[in-house]
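Just one chain is shown here, as structure tokens, and it is the form predicted alone.
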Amino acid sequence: MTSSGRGNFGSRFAVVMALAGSAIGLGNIWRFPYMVGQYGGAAFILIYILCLVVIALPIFFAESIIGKSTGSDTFGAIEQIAPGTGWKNAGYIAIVASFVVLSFYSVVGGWSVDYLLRACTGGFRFSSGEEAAAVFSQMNSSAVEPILCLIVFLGLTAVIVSAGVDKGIGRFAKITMPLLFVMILLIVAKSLQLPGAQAGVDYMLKPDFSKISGKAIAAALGQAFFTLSLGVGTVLTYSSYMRKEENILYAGVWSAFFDTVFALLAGFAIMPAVFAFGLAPSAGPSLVFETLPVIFSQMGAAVPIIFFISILIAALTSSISMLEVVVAWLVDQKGLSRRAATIAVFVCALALGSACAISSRVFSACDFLTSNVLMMTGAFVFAIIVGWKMPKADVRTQFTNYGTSKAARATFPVVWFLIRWVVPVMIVAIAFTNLF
């Protein structure tokens, strides 16, 4: 059963900011800049943008078409399109994926809470990478500290989601996303002024086509796929809250644009500073919680505070979208109130998140399961449903906004071809590369 009065985003700006917020996450900060430098600088960026346009955006459009046309959660949406078939069970894949990602992602979100508190209380002074690594290891191995921070982070996520689609998620996105860009620009300005910062700029932008290999292309393809939070139902769920007059093409292009711009800005905020202080670039949590604390603790008290507020916002906008996928299912299909659904998911995610916080093996297993199996399967199913189950006329109607969008009418044949023939093959290729 689909509940009435689900709510909608109140404006196009809210839609774009919420979708962009779902896409912009910690991967933009601790993975993308490192990959750019390792795989050819500007040459990698060009390949990444090509993969984004050819593969990632068509999947985004497929999810958005399903969500907007049905106005339901992932399970209910697929049931409407393919009633009485086993396809509806595929909706559970996205729900499970979102729940698992929310659980282990919130552990990292909790780390950002911890480091923000350290920065605000004067406990952010590191003289060496070894000292920063020791502090991170001590925090992460504690039986209490990571779980307390996990509770705070999940609690913030739950409060925003429980407030509703427009008053909670939409309002938060409209306020924090512009603020996020302002803060990262401030850090970019500070970082570029450091002596030796040009080496970091060269690392990001100097094209080196000799580094473009099959591995580099696979990395660009994987980053383009994961950066838009595809295959876990976030785009589908948010699109189900779109008003009838909203434009899917517009929302998708602008979301991808903001996501890419933020990733590049994060690179210019981080890598010039890394090179200016003579440190080696790295990827993953070690960059944010071991390398950067050494740098930012020497750049004044305000810089680490601004940076970890940015980290917290980026983490929250992604966790909110994951929580909303599960909440929407409980509200639409199980008849729970939004508040009750949010509390239920909060409790369950806290349980799994706590296991991830105290066991790196559980954390890694959850990461591997979602990244290599559930997300890929979900994206493949969404592409097949739009490309092969939905009537072409219905897909065209939704994508072109009932024929009112000239740009969408012009691009529809290309998008339709990509969704039907290119995207499924490439998803299988990405999955094969990641698994084998």
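Numbering starts at 1 and runs along the sequence shown. The structure displayed is predicted, hence computed values, not measured ones.
Here the subject shifts to the form predicted together with tryptophan, a form of this protein not shown in this document.
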| property | result |
| --- | --- |
| Per-stretch contact check against tryptophan in the predicted complex, the hit in 147-155, 232-240, 178-186, 266-274 (non-hydrogen atom, 4.5 angstroms) | 232-240 |
| Tryptophan: the contacting residue among S310, S321, S255, T342 in the predicted complex [heavy atom, 4.5 Å] | S321 |
| Selected contact from F346, F124, F262, F226, since only one has a non-hydrogen atom within 4.5 angstroms of tryptophan in the predicted complex | F226 |
| Exercise: G27 in contact with tryptophan in the predicted complex, heavy atom 4.5 Å | yes |
| Any non-hydrogen atom of W329 within 4.5 angstroms of tryptophan in the predicted complex | no |
| Proximity of F296 to tryptophan in the predicted complex, heavy atoms at 4.5 Å | no |
| Heavy atom of A23 within 4.5 Å of tryptophan in the predicted complex | yes |
| Triplet V101, Y105 and M375 all within 4.5 Å of tryptophan in the predicted complex via a heavy atom | yes |
